[in-house]
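Below sits a lone chain in structure tokens, taken as the form predicted on its own.
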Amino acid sequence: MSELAADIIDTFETPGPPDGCFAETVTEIEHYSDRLFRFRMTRPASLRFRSGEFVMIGLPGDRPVFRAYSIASPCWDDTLEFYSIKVPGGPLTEHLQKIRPGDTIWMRRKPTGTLVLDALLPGRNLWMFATGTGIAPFASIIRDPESYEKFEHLVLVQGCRQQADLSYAQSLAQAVPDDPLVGELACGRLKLITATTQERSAMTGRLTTCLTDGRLEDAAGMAIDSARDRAMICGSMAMLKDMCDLLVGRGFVEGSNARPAGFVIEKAFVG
């Protein structure tokens, strides 16, 4: 369960799939550590979503708990991928982390969210700031051809506690060049920058600290400029607040689906 997927919980007293839900089948699971895993499941033929949106998912039961999960696969993919943290005793992830291929997952029918390209004004470079499993919506965006049509460069920045927590992001970045749809588009245009807070690495410190002292921009080989750049933020509440303050201080204006601007955050996960 993502530390971002805060307190969006619905319960249903019904033995079967609730009205407005799909019943989908788990097809693949990969455990990165005792804290993190990803899984794939079948995609409903009628589902349409924009890369970066999230859905509510849960497990079958008499009183199932549903929580918000960003879709990590791009909008064109024929399966759905999700990236999750394991929460000991969590009402959903205590059981979700034990799923196997063939198991059933319930998913509510309507995707939504603010981390979409439509909420940003046209720009040259797209910066994506994530902590922990907040990288999930960006995993979708960096595999969407539209991202490379709208921006010259994509900079994906992830902060985690330890280097082992960066495995998912690193595997994504390594796989994108070989992607049959976006591989050529992403060549030389996608950059992954990582930082850790509880273990020494090439970049150690909170993302906001690394931005303030210039290390993020040095690693990207470019400065963040509100006149030409756009940004997306997804992570812990503390990071969201501090990163928003930093961007606003640099002249960025927060946007939305209704009023596109310079940066967006995923408010649904702030609790």
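The structure displayed is predicted, hence computed values, not measured ones. All residue numbers are counted from 1 along the displayed sequence.
Although it is not shown, the form predicted in complex with adenosine-2'-5'-diphosphate is what the next lines describe.
task: May I ask you to choose, among 40, 43, 35, 67, the residue with a heavy atom within 4.5 Å of adenosine-2'-5'-diphosphate in the predicted bound form?
output: None of the others qualify; the residue that does is 35.
- prompt: Among 53-61, 25-33, 223-231, 203-211, which stretch has residues whose heavy atoms lie within 4.5 Å of adenosine-2'-5'-diphosphate in the predicted bound form?
  reply: Selected range: 203-211.
message: So in the predicted bound form, is adenosine-2'-5'-diphosphate close enough to residue 198 to count as touching (4.5 Å, heavy atoms)?
response: Contact check for residue 198: yes, within 4.5 Å of adenosine-2'-5'-diphosphate in the predicted bound form.
query: Closest heavy atom of residue 191 to adenosine-2'-5'-diphosphate in the predicted bound form, within 4.5 Å or not?
result: So residue 191 does not count as contacting adenosine-2'-5'-diphosphate.
message: I'd like to check something about residue 160: if you look in the predicted bound form, is any of its heavy atoms closer than or equal to 4.5 Å to a heavy atom of adenosine-2'-5'-diphosphate?
response: Because a heavy atom of residue 160 falls inside 4.5 Å of adenosine-2'-5'-diphosphate in the predicted bound form, the answer is yes.
message: Contact with adenosine-2'-5'-diphosphate in the predicted bound form for residue 131, defined as at least one heavy atom pair within 4.5 Å: yes or no?
response: Yes, residue 131 sits close enough to adenosine-2'-5'-diphosphate in the predicted bound form that at least one of its heavy atoms falls within 4.5 Å.
message: With the partner left out here, which residues of 235-252 have a non-hydrogen atom within 4.5 Å of adenosine-2'-5'-diphosphate in the predicted bound form?
response: 236, 238, 239, 242, in sequence order.
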